[in-house]
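Each of two forms of one protein chain follows alone as structure tokens, named structure 1 and structure 2.
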Structure 1
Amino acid sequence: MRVALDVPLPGLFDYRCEHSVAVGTRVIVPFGRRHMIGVVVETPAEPALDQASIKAVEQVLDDLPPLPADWLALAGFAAQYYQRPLGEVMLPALPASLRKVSAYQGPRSAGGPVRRSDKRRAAAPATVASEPAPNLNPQQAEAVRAIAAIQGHRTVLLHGVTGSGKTEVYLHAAQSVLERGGQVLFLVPEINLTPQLEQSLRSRLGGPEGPAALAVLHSGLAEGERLRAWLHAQRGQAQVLLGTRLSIFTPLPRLGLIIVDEEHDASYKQQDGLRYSARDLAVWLGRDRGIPVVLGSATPSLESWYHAERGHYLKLSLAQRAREVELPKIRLVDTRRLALQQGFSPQLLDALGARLEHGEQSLIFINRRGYAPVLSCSSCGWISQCPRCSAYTVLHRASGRMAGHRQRLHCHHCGYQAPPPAACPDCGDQDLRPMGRGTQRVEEHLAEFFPQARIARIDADSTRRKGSAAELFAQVHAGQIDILVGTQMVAKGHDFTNLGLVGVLNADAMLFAHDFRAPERLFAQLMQVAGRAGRHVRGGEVIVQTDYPEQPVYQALLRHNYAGFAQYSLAERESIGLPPYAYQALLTAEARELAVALEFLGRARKVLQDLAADCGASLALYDPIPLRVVRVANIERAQLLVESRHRPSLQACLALWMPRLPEAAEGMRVRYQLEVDPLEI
């Protein structure tokens, strides 16, 4: 039999076994000096290897029924598409206790916890108050009808502005699948940000026999909880599986609908190991299972918008806000000729003052944590730098009650920390100054401008302690905070009922990121953060400070015009041949010295060039280039971008290329990884 194992080696491994074993069965096999759990994926009559080097299976695991064929097909597709060994897809997709020999405790272990949890779960629904379903507006009703009318597979792009009631459409679509006995897979970017959604699913879905059984799956769960949810779903007991990207790999025997909320969100892309996009796999899975897939967003990815415009996806729009509150008014403040006070325009300060007077809350959004992005010498221009990375260190004010105003330099790339020097290491001058502003410094300035205001800061630093994010958000919701300062953490999900004003500082920094998706991400992020304003308060307002108000992204934002922005951006992408008009793959190399990484990529490029010529595929191969932050923790990195207008050609070439990379790395101390459909280049 041929077994998939979680090792970074291409291909499968042959083993002997006395009795016949079904494909999809887990087995314990000897591998080198180790014992590993693998998945049987083929049972060919003849092994591909000579008999002598084949070992026997040690144990056939029968604690679970074999993994189903459709699950194996999804894993197989992902392995092929993302160019990784099958075992590296299949095994990490299973809960640890199902893939680790050390955790395996015999056939009863997997059965026990679920029965216990069923008892607990059976009692839970009584405590959940049933919410009445609000009436659908005509657009919502039309969307629900259109989704219900789908026979077999169709991907739907549900484009709905913030507050237009996409969730209501999801709930109706899910309910009708549940009534036919199907299961629903509901993907969200981050589970912690959607307690309200979980609450709605629990209280609203179900029938006369009671609420629908809901399983929740995300990486923050303890192993036992994760196993329980996975088994619940795999046995068909859970009717709804709500989870983050990893949930896409859960077997769901009666899957009838997949919903991907906030489909544009980068969290759907795994950034290490198997670099899959759960959204893209959801579309593939929907097609494979012959069921509808609903992608929802206020700011769809340009890829999804493109497919919808071309008619590949069914486009459904929710243009009006469900509740009778108008969209927030967006103002661009041109900061080029303004005298700013500590980075604040007079317009923003006035607006903050006015909201304070009215007892309304405000949010200052700045996507930069810490006190100041750099510490600099005022006489010679020295700038604080990480000794291990090609990056500046960020000045932080130490946290904790006893820390006072002590400051430290932090590297955001490698975690290096050091106290700031007393004098400039280059010229000895003692006048070292923080340059620029991060959330901590903004918080400090706001306290000076508005001494009477209650100010809170929410960023990765202030929420490091487990549960502190929830605490801070609870204070905001309880009205104990007047001004909230935060990074993108505050942009997602939260429905602030008394928030009237959003101020955006330093938005331009996101435009300068020289990634071609920067404007798209900026637009999505600003729309999202703008959506926090005036959800319940009348006269909601957003003030964006910028040096480039004429930029198309800001002009589109001003008019809440996603469609216009998408049309403009797609035309631009088409004219220069970027995704979605081209398909990309990125080979990244790491070595002690940049020259080694570049040399490897140069050789790899040559190999690919020859391969493409041989099979007549037209690929665009760029020159290997150092990453923008070339050195991180003393490792230097470079990348090679490969592009094609024709996805199958790219796929075919990558499959031929991968096995030839070891020869390109011959004699070099270099590590490399390939990313298909990279989000950042």
Structure 2
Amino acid sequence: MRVALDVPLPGLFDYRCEHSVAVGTRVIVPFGRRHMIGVVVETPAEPALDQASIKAVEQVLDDLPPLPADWLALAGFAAQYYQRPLGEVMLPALPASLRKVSAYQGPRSAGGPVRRSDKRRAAAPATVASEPAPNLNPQQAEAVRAIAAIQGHRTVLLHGVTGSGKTEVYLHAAQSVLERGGQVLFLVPEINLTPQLEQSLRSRLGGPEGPAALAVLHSGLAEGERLRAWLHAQRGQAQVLLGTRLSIFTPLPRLGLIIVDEEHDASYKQQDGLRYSARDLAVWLGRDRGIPVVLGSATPSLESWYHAERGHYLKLSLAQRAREVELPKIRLVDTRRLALQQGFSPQLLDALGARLEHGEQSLIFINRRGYAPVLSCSSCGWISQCPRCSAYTVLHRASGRMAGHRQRLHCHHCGYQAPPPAACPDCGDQDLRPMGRGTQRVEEHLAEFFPQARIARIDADSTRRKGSAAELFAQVHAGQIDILVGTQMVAKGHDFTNLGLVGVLNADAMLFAHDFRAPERLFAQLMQVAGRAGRHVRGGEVIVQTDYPEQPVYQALLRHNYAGFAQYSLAERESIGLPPYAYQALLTAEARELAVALEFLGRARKVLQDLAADCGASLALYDPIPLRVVRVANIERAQLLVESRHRPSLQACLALWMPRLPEAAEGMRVRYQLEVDPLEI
């Protein structure tokens, strides 16, 4: 038999067994000095090696049926497309306990993790009152009818303005599939979006099957919780699987519909290991299983919009809000000639005061956590720098009653922490000052401006403890918070019933980024956070402070004009040959010295250049260059970008290139990683 193992080596590994073993079965095998769990992928009649040299399988794991053929096909496609060994796709996709030898061997194994999980009684979810479905408006009803009429596979792009009731369309489409006995996979980009959707799903799609009818799966779950949810889905007990990107690899025997909410979100792209896009794999899986896939967003990715405009996807539009409230009014405040108070314009402060007087909530959005981006010396220009990275350290204030005003310098790249120096390390001046603002400093200033207001901050620092994000959002929904300060965690998916005002600080930071996708990300981010305002209250307002109000991104935002922004951006990309009019792959290299990383990439470029010439493929090979943040944790990093107008040509060349890269790295201490369809360059 041929087995896939989670090792960074190409190909499968031959083992022998006394009896036949079905494809998809997990087995424990010796590998060097280790013992590993692998997945049987092939059972050839004759081995490729001499029988005497082939090691025997130690244990066949029979606590689960073999992984199904459609799951193996998805893993095979992902391995091929993203140029990774099959074992590095299959094994990490399983719950951790299903791929640990220690979970099956030893005195405490107790028959393996599946049997142990089955013996435990899962805690019943909180009871959620059943809710009747609201009446659909004509556009929602038409979208539901169009999805229900799909026979076989079709990818649907559901483009709806914020607050247009896309979730209601999802629920109706899911209900139709459940009534036919099918299962629904519901993907969301971030963990903090699952509690609100989970409540909606339980209240509307509960059914008689009880708690197991809905399974929730994300990386924030404990190992046992994740295994239990995975088993419910794999056994067909869960009718609906709600989860983040890792859920795409969960076997679902009766899968009838895939929903990808906020399909534009970069969180659907894995940024380490197998760098897959869950959205793109969802489209492939829908085609393979012959089922509809619904991609929903108020700001679709330009790639999805491109496919919809050309008829590859079915485009459905929700152009008005579901409730009888208008889209929020957007104001651009030109800050070039304004005297700001701690970063706040008079217009924004007045608007915050007015909302407080009316008993409405406000949201201040700044996509920068911490107290200040840097600590600086005004005498000599010294700036707090991470000693291990080519990046600044961010000033943070410790939180909690016992912390007082204790401060730390944090590097957000490598995790380095240190107390701020008492004096400038270069000139000795003790007058060190924070430059710029993060969420902590904004929260502090708001408390000074509005001492009577109840203010909360939601960012990665304030939500580290498990369940803390859900608690904070529950306080907002309960009306216990007057002003919410947050990063992108609060920008999408949340339905705040009493929020009338959104203020945006520091939006200009993304305007002039080197990445060609920066304007698309900025527009999506601003449209999404603007959509939190006025969803249930009239007179919703959004105030964006900017030094560049004439920029096309802001002008499109002012008119809520996604279609216009997309048309302008796609025309711009077509003129210079950028995705979706071209396909890209990015090879990154890491070494102790930058020269080594660049030399490796230079060799790799030459190899690919020769391969492309031999194949007659048209590739654009850029020069190797250092990354923007070139050093992280004392490791230097560089990149090589490869482009082609023809995806099959690019894929064919990459498949030939990858086996040749170890040769290019010979004699060098260098690590490298290939990413297909990179989102950040």
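Here the structure is a predicted model, which means the values were calculated and not measured. In this text, the rigid core denotes the largest set of C-alpha atoms whose superposition between the two forms falls within 1.5 Å. Residue positions are counted from 1 along structure 1's sequence.
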Name the structure that matches the description of the form predicted on its own.
-> 2
Does V21 move its CA by 2 angstroms or more between structure 1 and structure 2 when the core is aligned?
-> yes
Any chance the CA of E179 moves 2 angstroms or more between structure 1 and structure 2, core superposed?
-> yes
Indicate whether A571 shows a C-alpha shift of 2 Å or more between structure 1 and structure 2, with the rigid core used for the fit.
-> no
